[in-house]
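Taking the form predicted on its own, here's one chain by itself in structure tokens.
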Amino acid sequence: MTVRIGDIAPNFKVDTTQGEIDFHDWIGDKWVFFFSHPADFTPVCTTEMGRTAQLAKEFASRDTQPLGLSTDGVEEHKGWIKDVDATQNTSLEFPIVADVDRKVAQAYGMIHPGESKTAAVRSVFIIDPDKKIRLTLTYPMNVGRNFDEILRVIDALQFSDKYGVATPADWKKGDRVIIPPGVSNEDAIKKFPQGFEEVRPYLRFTEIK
């Protein structure tokens, strides 16, 4: 199965390190950073789980809750969490899905046979409160994720939703944003009274403080 941007995230009921969850119920009115790992007790995964835990306040400030996944079981996860905490100097408090039968991994297209027929690749899904997939990223098994980019893209998605704008390359909070081509100049003047720069008819920048 292929999960695409704009799709409703497939729902599932599954055991986690914090008990059974119904995914859509668990999402509630939050954003979700849902990310998968090939296996417990592996080096790159350990650093990523640790980094997610270290960034707990950053995710919370964005109204975003992390959810990890590996195709190992709950008891293996709990043992691994002890290692993550010890080696990454943190305290991992978010749930990790126990996807032993790989049903969730299959539903989200996390199994890439060219990499492994049984282990989930490093997939990322950013999911909004309407349960809609807003971004997907997939990394090979031997390359760790860039968490600065994960936080940046959550900022960009939330900012774009709030103000009805688009964000340019390398955008960060405080940078200029783009007025979408579907907004006429007349409407842009009303919507963005602070003004805007028209570089081309299709490329207009404005600042939102």
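In this text, residue numbers run from 1 along the sequence as written. This structure is a prediction, so every number in the text was calculated from the model and none was measured.
Omitted here: the form predicted together with benzoic acid (BEZ). The next part is about that form.
For the three residues Pro43, Arg122 and Met141, a heavy atom within 4.5 Å of benzoic acid (BEZ) turns up in the predicted bound form in every case.
Benzoic acid (BEZ) is not drawn, but in the predicted bound form it has a heavy atom within 4.5 Å of Pro38. Per the 4.5 Å heavy atom criterion, benzoic acid (BEZ) in the predicted bound form is contacted by stretch 43-51, the sole one of 43-51, 24-32, 174-182, 64-72.
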